[in-house]
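Next up: a single chain in structure tokens, the form predicted alone.
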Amino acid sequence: MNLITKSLAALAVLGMTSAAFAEPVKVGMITTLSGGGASLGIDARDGFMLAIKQSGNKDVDVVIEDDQRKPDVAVQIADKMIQSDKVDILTGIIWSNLAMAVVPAAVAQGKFYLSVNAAPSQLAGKGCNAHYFSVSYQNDNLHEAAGAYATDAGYKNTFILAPNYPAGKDSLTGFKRFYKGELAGEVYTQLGQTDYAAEIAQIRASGADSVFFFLPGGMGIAFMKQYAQSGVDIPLIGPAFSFDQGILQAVGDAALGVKNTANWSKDIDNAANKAFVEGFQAEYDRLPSIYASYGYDTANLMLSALAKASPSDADAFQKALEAADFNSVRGKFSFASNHHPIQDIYVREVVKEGDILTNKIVGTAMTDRSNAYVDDCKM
């Protein structure tokens, strides 16, 4: 039995077999497929499409377009998908500034938006909406866990840095919410920055005993390479985005031993996750990333809801999404009242398996974590 056959068999056991919907459904996926953040969007797309393929369902038509990590392009694509393509559901955006440009207008037009990644605080609190669901997390979550871990690990003087855009601001806010020590420095870098010599010099001179950084995609690769070459020997902490599968292969052994926080890891021991990891490797010949896991969960949540109701019956479809009646690769999964996950967040360590750098879980940072904005949401 090959890997895909085993994966499909496992999914059948989990009850995720094909079911015909009352009517065909069109999904618009707007994601980043070119430029410095392309690997994130490609992984989210591939995870999403793997779940659709494994389901065997022929009633879902997915339209995919590249937002080029540009808000104006994302808005143009969303308008076209809503007005011309007549999509029922939107998904796919990786970057929070693009989400803020697209999501409020999309849900105001009655469309459902299911987030595979970006989940800015503005959409969790006062800007929440009954048609908006984040399947990944709330932006602060993994950074909150990193702050909790830094405190538990005994760090007293942490230097923190992140890009100057909504997710970057949420990341440092989240870290500080659970970190009890002092800050040796707090710096916002440019989105898309590739030269971190000035920031590394600041870290060197700061007296820090640790460094927390959130730099997803190519930004993280550039920072990690330059940090390793600098000779600065201060321990690094980050969210999974700074030490994800694609970044690790580009950075190399300099990342070994680094601790990072994540709500998913390939070694989470449940049947859905095993089927996902095996199926992803068989389909794409690479290990899945956390972005791929979010895409996969998003598609399976959507499929579970579509088996109960059509997006044309908005109230019923919303309730079906809220039930989260699917087998998440993260194990237990439910939504808070503002449509963001309640989930465990782990501490992972970068390790080497053969010639491949990857992560393994070494502890739990938070159990059943919701988010800080639930009370601000008045749906």
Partner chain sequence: MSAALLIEQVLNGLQLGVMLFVMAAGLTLIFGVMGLINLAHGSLYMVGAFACAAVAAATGSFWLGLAASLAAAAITGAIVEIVVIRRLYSRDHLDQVLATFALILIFSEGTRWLFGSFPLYLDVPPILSGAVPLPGGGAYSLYRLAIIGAGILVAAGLFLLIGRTRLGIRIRAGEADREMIAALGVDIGRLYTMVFALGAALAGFAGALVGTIQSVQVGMGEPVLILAFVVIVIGGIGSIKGAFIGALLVGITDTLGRFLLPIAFGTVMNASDATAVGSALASMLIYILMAVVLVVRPGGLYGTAT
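Residue numbers count along the first chain shown, from 1. All figures in this text were calculated on a predicted structure; none of them were measured in a lab.
Omitted here: the form predicted in complex with its partner chain. The next part is about that form.
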Tell me, please, which stretch of 54-62, 323-331, 340-348, 40-48 lies within 4.5 angstroms of its partner chain in the model of the complex when heavy atoms are compared? 40-48
I'd like to know if V107 sits close to its partner chain in the model of the complex, meaning any non-hydrogen atom pair within 4.5 angstroms. no
Is it the case that P120, even though its partner is missing from this view, gets within 4.5 Å of its partner chain in the model of the complex, heavy atoms only? no
Going by a heavy atom distance of 4.5 Å, is G252 a contact of its partner chain in the model of the complex? yes
Considering only heavy atoms, tell me if A222 and its partner chain come within 4.5 Å of each other in the model of the complex. yes
Which residue among K308, K111, K176, K274 has a heavy atom within 4.5 angstroms of its partner chain in the model of the complex? K176
Which residue, N270, T194, T151, N157, is the contact with its partner chain in the model of the complex, using a 4.5 Å heavy atom cutoff? T194
Can you list, in sequence order, the residues from 214-238 that come within 4.5 Å of its partner chain in the model of the complex, counting heavy atoms only? G218, I221, A222, K225, Q226, Q229, S230, G231
